[in-house]
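Here's a solo chain for you in structure tokens, the form predicted alone.
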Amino acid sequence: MTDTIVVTNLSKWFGLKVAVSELSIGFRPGVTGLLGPNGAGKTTLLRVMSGLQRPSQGEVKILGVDPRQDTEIYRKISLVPEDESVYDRLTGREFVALAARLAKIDHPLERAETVLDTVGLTDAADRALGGFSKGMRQRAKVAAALVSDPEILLLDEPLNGADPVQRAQLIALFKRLGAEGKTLLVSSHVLAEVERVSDRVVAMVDGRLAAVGDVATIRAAMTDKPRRIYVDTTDPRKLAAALIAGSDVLGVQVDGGTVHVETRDAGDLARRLPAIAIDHSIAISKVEPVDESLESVFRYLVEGR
């Protein structure tokens, strides 16, 4: 697959405040999680990608063109903003149909019905947006973004305010759209959400690119950070004594039938464990890395901010 979005040496500043700094990255079809704390530059990046803001330096190409130079590309891009920019007096159906008319979609009312059903808002479609919960307004904005069947979907904190059922439905929808070949960037500061929805993670800190890849790849690249591993065994004390003799192990702790191991080289530990089990007649039932989550990776990335 080729990159559908290419960002090259991109910087964006507002007066003395630098929101995005010298960012270069490409995005391909599928779902990419754009991760970072509030103020990391995620919203600014999405707004520059969508053509709403001009880069201070560098460039963005969407499907090979600059969105600020070729306005036809807007037919292939949709942005779901984080802010609550909806018309409170319009019903959900009127709001989405208006988006379809603005996008010059044939049969806008029919298209509105289709996307309202896609996001699960059919039953509430005739209620005013002012009476919608935050999660429902988020889904209405997603529906409005989908009316043009965009190839590029930029979503800024789209799961904010959604209840667990709504969140699961939206995550399933985003993953399906990604599997269909669309390019989705889903911005969030909620670690668990990014981990559930994304094929790939792009982490930003202070406007800069901090890491790119899936969680396991990013964690594996952190060679200077000890790894923590749990090992369930029939003889934890014997296993702990054997492990601590290895140069790769920094420390062990026994908790019931589990040995908590801190190691500087998880690969070496994985190679030694079978030999230890055989040599000491120890049965090992489970080996589990406990810091492979996105939370642990992100905690590492933002250390010392």
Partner chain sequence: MTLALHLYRRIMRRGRVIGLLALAAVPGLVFWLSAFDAPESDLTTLYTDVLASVGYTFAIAALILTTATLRDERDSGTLPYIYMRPIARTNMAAQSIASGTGAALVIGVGGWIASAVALLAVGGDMEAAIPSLSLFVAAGIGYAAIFVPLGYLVPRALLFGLGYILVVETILAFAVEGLAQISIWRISLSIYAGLEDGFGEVATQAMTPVTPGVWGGVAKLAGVLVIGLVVLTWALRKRDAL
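Please read these numbers as outputs of a predicted model, since none were measured by experiment. Numbering follows the first chain given and starts at 1.
One more form of this protein should be noted, the form predicted together with the partner chain, which is absent from this view; the next part is about it.
- Proximity to the partner chain in the predicted complex, taken as a non-hydrogen atom within 4.5 angstroms, holds for one residue of R127, R101, K134, R176, which is R101.
- A heavy atom within 4.5 Å of the partner chain in the predicted complex is found for one listed residue only; from A270, L250, L52, V254, this is L52.
- In plain terms, the part of the chain that comes close to the partner chain in the predicted complex, with a heavy atom within 4.5 Å, is 140-148 out of 231-239, 140-148, 116-124, 194-202.
- By the criterion of a heavy atom within 4.5 Å, R47 is counted among the residues contacting the partner chain in the predicted complex.
- Proximity of V86 to the partner chain in the predicted complex: non-hydrogen atoms within 4.5 Å are present.
- The partner chain is not drawn, but in the predicted complex it has a heavy atom within 4.5 Å of R68.
- Contact check for E72: a heavy atom falls within 4.5 Å of the partner chain in the predicted complex.
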